[in-house]
Each structure stands twice: as structure tokens, then as C-alpha cells.
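As a starting point, one isolated chain is supplied in C-alpha cells, in the form predicted alone.
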Amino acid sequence: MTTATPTQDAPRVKKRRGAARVEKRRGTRDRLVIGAMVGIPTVLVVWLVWLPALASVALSFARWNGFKLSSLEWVGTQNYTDITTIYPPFWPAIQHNLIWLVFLFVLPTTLGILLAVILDREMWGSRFYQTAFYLPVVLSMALVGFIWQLFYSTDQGLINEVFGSNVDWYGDPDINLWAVLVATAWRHTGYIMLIYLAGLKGVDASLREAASVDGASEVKTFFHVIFPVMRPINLIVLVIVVIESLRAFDIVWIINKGRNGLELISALVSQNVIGEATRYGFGSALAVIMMVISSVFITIYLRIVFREERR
């Protein structure tokens, strides 16, 4: 029986020690990378999202003109009381946001689903049609408002020229909301179409074949088989529609700064925070109300998602 001498064991010991040092350095580097990947986004989210949100909540209970901290005056819930009782644009803005929500859910969403079903058939020129319908999505809402000015202009607009009318589509408070909603639908339809088209591509083809074997028509197959299978897509679209209706701002602001029949909660926030009044506390209270309304729908969505994952 032979035993290793200390001279023979020395290279092995050095090799093991070297491997241990390399593994230790690698572990330290991995921890630093993971820490940076988690820490940097967390700092940015806290700094850019949570701190402004908490500051808005705090300012909603104060009266402040935004210039000197010494002028900050705590007024409790007075801002909320004034908003709901003596601020005339608030309830029309709530009504307009609800109209915005229902309109986006009924017309553009339905039309987007219909276009997705048609284009899913791989018809001739489907790529061209997909691009054409999706193109407005890449445009900002402000630019969409300017583009539709070509249709709505009182003097040279296409609609008035074709029908020989003299309607002020953007200026008349009785119809300007509906005119803006049509312009919004032009952009929103392509977005919904693309989401549902991606969902239809992921549906198992055997489901269609089984429904066909059972004698189901294409309409029944879609509503009784395909549409229920796309439940996650439906929930995502519902949340998108709610968020879009609440954060609608750009197009009404560039038209008339959210006045004269186009009052929305987001526009009221801007009017009070960056407008002539500079009422930061009052504008923050409006922002908090909008945030609470959004949180209700988002909470419902997350509960449904988590419930599905547990199942």
C-alpha cells in the first residue's frame, strides 16, 4: 500500500484552493449582478413612481401654490369636498370618462375583434391590411387629433365639403366629444386587432377541427370555443380599455385644453397643476381620485389573474 507524500499532494491542494477562489469570485460577481438587476429598477420605480404618487396623496390634503414651502397650508379633506360640491367641471368629466370607456369597449373593441377574425383567415393581402390598420397605433394621440382636423375643419374639412355643411366638429360642445371619440377609435381599433390576432394565432387548431366535426358553424365555434379559450386576452383588453379611457388626455388637450364639452379628469388635473391657477393641492386631489378609480380595476384584474394561476 502506497501513501501520497506531501510533495505529491501540494499541486492538488493548490488546484483545489484555486478553484475555490474562482468559485468565490464568481459567486460575488453573480450576487453583484443580481443586486444591480434588482436594485436599479427598484430605485427607479420608487423614485419615479412611488415617491410622486405618495407626494400627490400628501399634497391632496393641502393648499399650495408651488413656489414656497412656507405657503403650504394643510386643509384636510377640503379639496375633495370642493371637488365634489363646488367644482363644476368635475361631474361632467366623470361622465365623459365613462362615455369614453363604454365607447371604446363597444365600438373599437368589437371592430378590432372582427378585423382580427377576418385577417386570421390568411386572406390575400392580409399583411398589407394588418399594416394599414395598425399604422395609426404608432401615432401619438396629439398627432391623431391634428390628422382628423383635416376631416373636421369647419372651412376646409372633408366632411363639410362632401356634405355641404358648416359644422364646427371640434368646437361645438354638443358633438365635439363624439368627434374626438371617432378619431380615438381610428387609432384604438388597430391596437385591439393586433392583440386578438396574436391570440387567435395561439389557439390550438384541434379545437376548430373538433367543433367542425360536431357540426358547429364558424360563428358558434368562435363564440363557444375560441372566444372562451382567449380569456386571458379578453382580460388584458378589458384592462387596456379602462386605462385608455382614464388616461385620455393628449387629443382633448391639443383641441381646447379639455374645456367646452371635452372635460376629462386628466385634463382637469393639468388645468389646476400647470394652468394659470397653479393649485397643486387641488390638482393632486383630482389625480388621487383618478388613481383610486384606476386601482379598483387593476386590483380586480390582478385578483382574477392570481386566481387563474392557483387553479
Partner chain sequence: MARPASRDTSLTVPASFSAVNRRSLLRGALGAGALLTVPGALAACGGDTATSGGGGASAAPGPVKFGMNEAKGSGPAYERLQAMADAYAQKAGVEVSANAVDHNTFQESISTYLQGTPDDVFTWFAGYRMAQFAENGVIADISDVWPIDGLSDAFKEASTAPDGNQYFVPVSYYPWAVFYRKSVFEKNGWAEPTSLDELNALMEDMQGKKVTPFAFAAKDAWAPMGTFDILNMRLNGYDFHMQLTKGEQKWDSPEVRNVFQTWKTLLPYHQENALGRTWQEAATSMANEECGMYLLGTFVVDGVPAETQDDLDFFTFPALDASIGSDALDAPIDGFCVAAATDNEEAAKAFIGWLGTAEAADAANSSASAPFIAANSNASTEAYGALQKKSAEVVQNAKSIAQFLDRDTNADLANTVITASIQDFLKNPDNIDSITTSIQQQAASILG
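The structure presented is a predicted model; accordingly, all values stated were derived computationally and were not measured. Residue numbers count along the first chain shown, from 1.
Only in words, not in the display: the form predicted together with the partner chain, which the text now covers.
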| item | value |
| --- | --- |
| Distance check, residue 87 to the partner chain in the model of the complex, heavy atom within 4.5 Å | yes |
| 4.5 Å heavy atom contact, residue 247 and the partner chain in the model of the complex | no |
| Touches the partner chain in the model of the complex: residue 120 (any heavy atom, 4.5 Å) | no |
| In the model of the complex, residue 274 touching the partner chain (heavy atom, 4.5 Å) | yes |
| Stretch in contact, per heavy atom within 4.5 angstroms of the partner chain in the model of the complex, of 101-109, 215-223, 193-201, 162-170 | 162-170 |
| All of 95, 295 and 309 with a heavy atom within 4.5 Å of the partner chain in the model of the complex | no |
| Stretch 226-265: residues contacting the partner chain in the model of the complex, 4.5 Å heavy atom cut-off | 253, 255, 256, 257, 259, 260, 261 |
